[in-house]
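Only one chain comes next, encoded as structure tokens, the form predicted alone.
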Amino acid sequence: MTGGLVLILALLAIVVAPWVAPTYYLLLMLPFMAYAVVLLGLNLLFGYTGLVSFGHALFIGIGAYTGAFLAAHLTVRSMEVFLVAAAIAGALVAAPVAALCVRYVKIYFGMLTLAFGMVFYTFVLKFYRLTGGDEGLPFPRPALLGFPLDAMPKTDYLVGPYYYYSLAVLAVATLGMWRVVRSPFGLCLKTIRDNPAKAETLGIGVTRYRWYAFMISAVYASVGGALLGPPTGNVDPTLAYWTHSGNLVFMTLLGGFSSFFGPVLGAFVFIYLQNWVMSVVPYWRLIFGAILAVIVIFAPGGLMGLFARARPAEVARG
């Protein structure tokens, strides 16, 4: 089965899911689609540029708090405004952060991003009057494409209009990122990842291109953060905590950062596997961690790497 056919079948399954799947599993699709947007951006930085960020939850928090602040303090209700404002806020914060971080590589880059992430976490935790502190901020139900939909029950709203709205945002984000990685810009990022010194000799501004990749990644993370707010109805500082950044990196590794759709698959497996383990055993963190460790050990290329290895074997047998 070709990769294109698998992608088409997966898209059809997501589209028809609201008519056939239980409501509970449909609600789990909402964070999956939000994290898929985030991970598409993170993998541009990780898989295509070779920079591992341990503080990317910073931009998820910025996106989520931007939407909640507009809703709570300025009584804005448009989801389109939330997404655009989140993207702008993420870019504004990322510009100086990226300018400093991209001058370093490997563990130094990761530690710097982690430090900036914890600074933002402390900010939203301590500035109670602005951010709500540890209680967070409410995120009221937003209007979609100008339609308020206030009369609709919340569950029907989430598994209906908001579900397809999130899917549309994910589709646009996927197409945009596909265009980026297939462009000359994406090829330059791969060259920088594989051999920065050679990229410099070819006339590629390594620091400048890394800055561009960081900015795009931050915008994607901020948009994904804004999508996370409406399903829960509240945003809190845990969105920006360092363990949240660790989950993002783990989702990317789980799916496979060498593949375009690997992180998306990693987000899906991570969310549904965590939910299943939580419902089965009381000490779910121990079991969940062990399962994920086994997957990573026996599939160092991620789940997409397993499929890539299975495909040549099928061709050889054929």
Partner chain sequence: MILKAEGLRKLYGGFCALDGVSLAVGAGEFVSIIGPNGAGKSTLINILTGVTPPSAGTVRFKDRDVSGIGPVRLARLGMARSFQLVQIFPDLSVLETLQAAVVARLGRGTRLFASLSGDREVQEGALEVAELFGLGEKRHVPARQLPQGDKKLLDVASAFALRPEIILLDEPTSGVSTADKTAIMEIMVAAAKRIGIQAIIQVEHDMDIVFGYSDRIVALHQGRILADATPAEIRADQRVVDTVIGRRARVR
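Numbering follows the first chain given and starts at 1. The model shown is predicted, which means the values in this text are computed figures rather than measured ones.
One more form of this protein, predicted together with its partner chain, exists but is not displayed; see below.
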- [ ] Could you check which residue among Asn195, Thr238, Thr232, Thr155 gets a heavy atom within 4.5 Å of its partner chain in the predicted bound form?
- [x] Asn195
Task: The single option of Asp150, Glu135, Glu200, Glu80 touching its partner chain in the predicted bound form, heavy atom within 4.5 Å - done: Glu200
Open item on the list: Please tell me whether any heavy atom belonging to Gly146 falls inside 4.5 Å of a heavy atom of its partner chain, as the geometry stands in the predicted bound form.
Closed with: no
Open item on the list: So in the predicted bound form, is its partner chain close enough to Asn247 to count as touching (4.5 Å, heavy atoms)?
Closed with: no
Open item on the list: Residue-level question: is Lys190 within 4.5 Å of its partner chain in the predicted bound form, judged on heavy atoms?
Closed with: yes
Open item on the list: Considering non-hydrogen atoms and a 4.5 Å limit, does its partner chain approach Tyr164 in the predicted bound form?
Closed with: no
Open item on the list: Using a 4.5 Å heavy atom cut-off, which of 156-164, 177-185, 82-90, 68-76 contacts its partner chain in the predicted bound form?
Closed with: 177-185
